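Read the single chain below, which is given as structure tokens and is the form predicted on its own.
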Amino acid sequence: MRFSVPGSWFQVRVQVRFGVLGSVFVCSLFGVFALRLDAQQGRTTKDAVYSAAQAKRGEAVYTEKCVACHGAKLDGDLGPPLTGQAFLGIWGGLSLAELVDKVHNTMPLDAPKTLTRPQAIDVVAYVLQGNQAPAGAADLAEAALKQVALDSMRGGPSRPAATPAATTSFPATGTVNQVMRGVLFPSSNVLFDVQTQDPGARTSGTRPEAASTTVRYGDVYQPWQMVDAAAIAIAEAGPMLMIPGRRCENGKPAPVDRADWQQYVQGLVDAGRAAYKASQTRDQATVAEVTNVISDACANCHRVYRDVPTAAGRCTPP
């Protein structure tokens, strides 16, 4: 459900609360969105946490299900590399539970959740072997995943670093309102759609009425991929809202130098990261819960900079 605010482009979704979740996410799973491990977790992949036999099983699964995207040597192809600093720079310091969850919930890309949980753990064991983590006598077990961090100091050879490009400045083109309408509004609605429609419920070959953004684009990208992309778009919108020279719809400069504006933009970025982390679970209730964080992040800024008596007063701090 949603309702329109009179005289405004913005639409507000009715927030859906799932009490059983009990908490909201403030960080994300992948890339710069990674949730780093608590210092109290002492074991790492240096401690021989998997067996050679397990890695061998993982290699067999990898060869069948993963090699087409990630390469015969784990060095990446259509998908990102799973070895070297390009991989460890993202996943180093995370618990193995995070990595296994990623494999189990979202891989293979064209058939997510078709690997069993034990197969996903075996694939991770093979990835650890590829990153030169030592093997031990016992298999990596489900119960140990949250207690073991991926050591970021090891790894096979990385691809050569690209030559740094010259710094390029891109001036603002649209107004704050146009950025909202073009990026944040549609992306937020993709996430809000999950409150009422499970992206994973659509089966191949079905063509339901295109009543939601995720359905309309479902034949181009998988519905859960659309949710991933929407969350990333929200997180990546922060720099757009901080470009010097950006103006509001009424022509006033966006207050990018004000501490509260910067705080609100950071809140939006954090909300996007939280939404991406939630999306990686491929669980409708988890994503629906995090839409409250998106809604709150937008509302915090709107109360100060948008919801004023006249349009001429927008972008004017109190």
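The first residue of the shown sequence is 1; numbering continues from there. Please read these numbers as outputs of a predicted model, since none were measured by experiment.
The same protein also has a form predicted in complex with ligand HEC, omitted here; what follows describes it.
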## Note on the structure
Of 193-201, 95-103, 142-150, 129-137, the segment with heavy atoms within 4.5 Å of ligand HEC in the model of the complex is residues 95-103
### Message
Contact with ligand HEC in the model of the complex for V49, defined as at least one heavy atom pair within 4.5 Å: yes or no?
### Response
no
### Task
Please run the contact check for R57 against ligand HEC in the model of the complex: heavy atoms, 4.5 angstroms, yes or no?
no
### Message
Is W224 near ligand HEC? Define near as a heavy atom within 4.5 Å, in the model of the complex.
### Response
no
### Message
Would you classify I243 as touching ligand HEC in the model of the complex, given a 4.5 Å non-hydrogen atom cut-off?
### Response
no
## Note on the structure
Checked 252-270 against ligand HEC in the model of the complex; residues with a heavy atom within 4.5 Å, sequence order, are W261, Y264, V265, L268
